[in-house]
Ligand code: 3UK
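In structure tokens, the next block holds one chain alone, the form predicted on its own.
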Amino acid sequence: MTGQETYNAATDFVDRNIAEGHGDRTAFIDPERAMTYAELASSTRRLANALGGLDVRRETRIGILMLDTVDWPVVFWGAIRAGVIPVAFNTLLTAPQYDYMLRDSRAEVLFVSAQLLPAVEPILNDLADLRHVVVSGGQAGAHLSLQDLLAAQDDEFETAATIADEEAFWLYSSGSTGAPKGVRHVHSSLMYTARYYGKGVLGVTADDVVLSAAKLFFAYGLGNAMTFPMSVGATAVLYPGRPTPQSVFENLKTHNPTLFFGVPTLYAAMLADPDCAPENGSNALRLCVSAGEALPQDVGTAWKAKFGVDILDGIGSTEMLHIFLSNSPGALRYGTSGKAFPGYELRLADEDGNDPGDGEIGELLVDGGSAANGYWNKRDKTRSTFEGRWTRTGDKYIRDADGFYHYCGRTDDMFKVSGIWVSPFEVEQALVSHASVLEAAVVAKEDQEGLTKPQAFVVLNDGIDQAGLFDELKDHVKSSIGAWKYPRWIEFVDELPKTATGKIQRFKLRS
């Protein structure tokens, strides 16, 4: 596909399934209803007509602040069909954060779930660019109702003749290192990730049923629960609630998915849950996937021992749209992020821009066809992240002689102790491998002499008494990974600060 070729992602993901005879197959299931591919196609045409009726023109932006129900893909694909740019918003933020993103994106219409309307109601009258608010799944009050809007539209619509390189949608970065940034993606990026990771690594087929704990507003969840299954006519289970161990076990047992996508903190919490047993999972499960944070080795091996199914850990980013480095069924090594796979080229760069070689630390750079166009209205950030065909990830890695990549930490999180690099993740893995520890985060802290040493924040498993654990955990780390890497300070906390996508916000722990 050339960049100037006429291509609309809605044609490829929605209409192609109808043309290939998948119209009667179930595309999405949520707790209230199911939707076939034919129903999805009809609803997206109606949504596109509705946008025209609201005088929303091609290349302008609309906001999606909606829970994961079948209405989410209707709005997303309806906008793309019309050549309008949907902007996905995190559903777990506050009014000031929504005010920032709505002003930043200049969204003309906001599609919002009724349950989330109270979070934005205080700011709606002060947004100069916002002309309409459309409410899904409940009482609309003074606003428009999505259901009424769709019912009033015609089922015929001529899909916008966009091109492959045309801007299609935005995602906001999760803000693990500060304010979120609008990340601009083109029409062809969605199928690129589905082809090279969804099909190439996971082997997704029309017979798969997919469940993702990560939500659709997140790049990881967007691929898991929408574009990967839609690329082959498969079915996705959408869950609008918070993914707790109990709710995930319930969905696994009810829907028997073949593919499950989670994050490390959720897998750890599920393993620690009293109901963690094979009979409470899916009897059809063939693969699990983890991203968002590096998966501790002990979590992966414990899950495989419990359920007999591997977790494929990988790394992706909002900037690259999905996973670009991963373990795979044929090449899996717990405690690593896996190997490069077709579709993406990787390299490590030291502080001088040179390849540090196997066994040495470097920043990971990636080249692939799903890279974003850049950040909205952040020129300096764009230029420092997107360097020609290479995208800087901000992650430090070591590549071993077998080609597996070992995660060390974010570039901003790495530090030296006694002149030797320390990986926060390595210390965290050592702490988590102790039977008393559920989660851990490690940051740099200066001692009384001004020397940098590791400080740990630890969440214990339920019912564990912290008395005596400080010395025990220090000795455990020393014996596991090296005497100089042990945390000099350990603070026991009830929870760690995280983004809605499960990434630990270490900058908050450093402050």
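Quick caveat, the model's predicted, so the values are computed rather than measured. Residue numbers run from 1 along the displayed sequence.
A second form of this protein, the form predicted together with the ligand, is not displayed here; the remarks below concern that form.
State yes or no: in the predicted bound form, is some non-hydrogen atom of Gly78 no more than 4.5 angstroms from a non-hydrogen atom of the ligand?
-> Output for Gly78 is no: heavy atoms all beyond 4.5 Å of the ligand.
Is Phe260 close enough to the ligand in the predicted bound form to count, meaning some heavy atom within 4.5 Å?
-> The answer is no: Phe260 has no heavy atom within 4.5 Å of the ligand.
Spell out, yes or no, whether the shortest heavy atom distance between Ala291 and the ligand in the predicted bound form is within 4.5 Å.
-> Output for Ala291 is yes: heavy atoms within 4.5 Å of the ligand.
Exercise: Asp71 in contact with the ligand in the predicted bound form, heavy atom 4.5 Å = Output for Asp71 is no: heavy atoms all beyond 4.5 Å of the ligand.
Given the ligand in the predicted bound form, answer whether the residues Leu67, Asn90 and Pro180 all have a heavy atom inside 4.5 Å of it.
-> Heavy-atom distance to the ligand in the predicted bound form: none of the three under 4.5 Å.
The ligand: the contacting residue among Glu426, Glu439, Glu166, Asp395 in the predicted bound form [heavy atom, 4.5 Å] | By the 4.5 Å criterion, the partner-contacting residue is Asp395.
Just one of Val112, Ile323, Leu190, Leu211 has a heavy atom within 4.5 Å of the ligand in the predicted bound form. Which one?
-> Selected residue: Ile323.
Which of 404-412, 233-241, 90-98, 300-308 lines the interface with the ligand in the predicted bound form (heavy atom within 4.5 Å) = Selected range: 404-412.
Residues of 302-323 having any heavy atom within 4.5 Å of the ligand in the predicted bound form, listed in sequence order = Residues within 4.5 Å: Asp313, Gly314, Ile315, Gly316, Ser317, Thr318, Glu319, Leu321, His322, Ile323.
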